[in-house]
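Coming up is one lone chain in structure tokens, specifically the form predicted alone.
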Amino acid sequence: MATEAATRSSISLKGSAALVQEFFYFGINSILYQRGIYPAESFSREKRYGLSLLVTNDDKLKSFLDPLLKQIEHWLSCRLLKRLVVVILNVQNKEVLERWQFDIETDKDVTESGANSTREKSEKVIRQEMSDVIRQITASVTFLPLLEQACSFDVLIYTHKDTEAPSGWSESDACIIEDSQEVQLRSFSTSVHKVDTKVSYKADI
């Protein structure tokens, strides 16, 4: 029993939100690096999940991502976030070329405090599951089409109805790719939040 206890930990709603937000930080950075949206020299290496990951040094990009991720963590801790989508677009004609979709399920029974406020799962196991998804994102260059044109990106956030959006945020369409190819990637779970990942892409770029 002592061994079992040593390999398990209690995950709260806020603790889970922090873990998932951290995953999105490294996941979005990995997508932007692997797909060449920003110059390779604007990224630096950081060790996480047993991997050497690349994160941006670009001040303008960081000023976009930092408040976004803070808001994501807040919505996760309030059980309001349903989906996050990273969209890659052709700069010239705004055509959607790739759509990285992360679907989020939250344990409806977990509470912020009290007897039902935590779930049991080893944080080491959670981080290994996150690592497996990041590895797949990194390996995606083996099957995704080469993006030879200049591209930009956007992040779409899906929340529960009547969720108040911060000032400066705007409504967007779903940026669906017609006749797309789709690849389902791995999922991970904190036991409070479960995240499923898939990428859709335009095959005939």
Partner chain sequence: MNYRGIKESTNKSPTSKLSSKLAEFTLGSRTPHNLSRSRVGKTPSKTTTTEQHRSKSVGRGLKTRSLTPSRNPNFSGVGNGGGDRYIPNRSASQFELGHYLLMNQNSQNESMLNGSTSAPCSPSKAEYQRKMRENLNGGVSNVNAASVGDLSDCRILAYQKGQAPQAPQGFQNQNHRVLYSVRAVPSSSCKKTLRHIPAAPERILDAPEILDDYYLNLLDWSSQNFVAVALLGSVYLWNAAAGTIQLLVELENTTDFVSSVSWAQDGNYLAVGFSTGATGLYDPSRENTLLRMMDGHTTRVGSLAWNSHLLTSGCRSGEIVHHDVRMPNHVIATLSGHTQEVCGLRWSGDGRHLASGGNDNLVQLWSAAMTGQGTDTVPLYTLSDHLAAVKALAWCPWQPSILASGGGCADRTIRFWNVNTGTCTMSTDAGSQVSALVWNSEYKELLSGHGYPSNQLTIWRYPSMTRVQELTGHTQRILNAAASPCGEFVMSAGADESLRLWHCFKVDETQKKQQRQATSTRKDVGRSIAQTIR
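Positions refer to the first chain, counted from 1. All figures in this text were calculated on a predicted structure; none of them were measured in a lab.
Another form, the form predicted in complex with its partner chain, is not on view; read the next lines as being about it.
Peer 1: Given that its partner chain is not shown alongside this chain, does residue 83 nevertheless sit within 4.5 Å of it in the predicted complex, heavy atom to heavy atom?
Peer 2: Heavy-atom contact with its partner chain at 4.5 Å: present for residue 83.
Peer 1: Please run the contact check for residue 117 against its partner chain in the predicted complex: heavy atoms, 4.5 angstroms, yes or no?
Peer 2: So residue 117 does not count as contacting its partner chain.
Peer 1: Looking at the partner-bound form in the predicted complex, is residue 68 within 4.5 Å of its partner chain by any heavy atom?
Peer 2: Because a heavy atom of residue 68 falls inside 4.5 Å of its partner chain in the predicted complex, the answer is yes.
Peer 1: Is residue 26 close enough to touch its partner chain in the predicted complex, meaning at least one heavy atom pair within 4.5 Å?
Peer 2: Result no; residue 26 lies far from its partner chain in the predicted complex.
Peer 1: Can you tell me which residues in 150-169 come within 4.5 angstroms of its partner chain in the predicted complex, by heavy atoms?
Peer 2: Residues within 4.5 Å: 152, 153, 154, 155, 156, 157, 158, 159, 160, 161, 163, 164, 165, 168, 169.
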